[in-house]
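Here you get one chain, nothing else, as structure tokens; it is the form predicted alone.
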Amino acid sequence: MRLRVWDLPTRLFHWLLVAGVATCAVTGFLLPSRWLAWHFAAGYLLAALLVFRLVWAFFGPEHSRWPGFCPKPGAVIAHVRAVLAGRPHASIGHNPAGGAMILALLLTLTLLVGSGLLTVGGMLKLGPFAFFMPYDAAMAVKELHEAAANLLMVLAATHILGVIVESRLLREWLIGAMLTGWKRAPDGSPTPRPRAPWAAPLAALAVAATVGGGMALSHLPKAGWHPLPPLPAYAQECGTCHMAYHPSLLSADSWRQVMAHLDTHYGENAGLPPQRRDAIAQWLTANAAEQWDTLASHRLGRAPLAADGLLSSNSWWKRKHRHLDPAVFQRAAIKTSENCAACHRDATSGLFTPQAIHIPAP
């Protein structure tokens, strides 16, 4: 006989989770940083899915609930031995090894999503945790995020291998059960208990509360960054020749060096009246890299000023742009590698988020 084991919400959860993990893997491991906007979007999707699954684990249909994910260790070992011997026992829902794997995957995904939100909150000042997460802490959590991502890939590969092996041994297409919801069961098997009547509204409410709460937290003031009104004199004197760089891109000492040698500013005399020069220098040093806690202020601003004074001579800058053909910087809309604002639409804010990257076409 055949039974409807997996309901539609469980199946949608499964395949949306697969899509989200695949997107995160491709954009995180293979593609350059300008694709991280897709990485973040997939991460937010995973967060919403995990909240839904938490509710479904308590109030969903019988085989989607927690007891199926928490088998006794002895049962898991016995099932693995049966598989190795080529004689696994068929299960209506998750078998013991499969249930343990699902629990491991969900816990790893929770760690992955949580560490990812903390990382982008501190590094890029994005997401619900940007209001309190400092950069240095985010860099430490980033290591945990990367370890969780590697662990997830190992678990996912093991899970897929297990499904393939058991499908062959049982002569049943287990992936098909997660597509249609139907599985083979012994004659006389009881019909699985359906989900609780309030399960769907409760899950929708939980997801909506999570999304709404995350959006509300995302609008709180960001730790280590704030909107900086431009100084008119700086925009007029410097912005007419090149982009008016955000003060966080150089340290106070580096700004003093730049402002002290305006008469030989990149081979030109950019001298200003003393009073105007001093006002600009004071504003730049007062808002220099030391006053910010952003990725750019740490990676660019706190590094020693290059001998040629160019940001593009910074080793971190070179590493982040290594995938670009040098000819890109010669395009009419860019003209020079120092024109950050041509590709980073939020360059003047000092944030340089991946979502704001747009490379002009030739």
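Numbers for residues come from their place in the sequence shown, where the first is 1. All values derive from a computational prediction rather than experimental measurement.
Below: the form predicted in complex with a small molecule, not depicted.
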Practice task
Determine whether any heavy atom of C343 comes within 4.5 Å of a heavy atom of the small molecule in the model of the complex, and answer yes or no.
Solution key: yes
Problem - Distance check, L3 to the small molecule in the model of the complex, heavy atom within 4.5 Å - result: no
Handout entry: Heavy atom of E172 within 4.5 Å of the small molecule in the model of the complex
Key = no
Handout entry: Contact flag, P32 vs the small molecule in the model of the complex, heavy atom cut 4.5 Å
Key = yes
Problem - Position in contact with the small molecule when the complex is considered in the model of the complex, options V328, V55, A48, A37, heavy atoms within 4.5 Å - result: V328
Completion exercise
Exactly one of A289, A130, L284, V141 comes within 4.5 Å of the small molecule in the model of the complex through a heavy atom, and that residue is L284
Fill in the blank from the handout: Which of 245-253, 152-160, 204-212, 68-76 lies within 4.5 Å of the small molecule in the model of the complex, heavy atoms considered? The stretch 245-253
Practice task
Indicate whether the candidate residues V18, A82 and R195 are all in contact with the small molecule in the model of the complex, with contact defined as any heavy atom within 4.5 Å.
Solution key: no
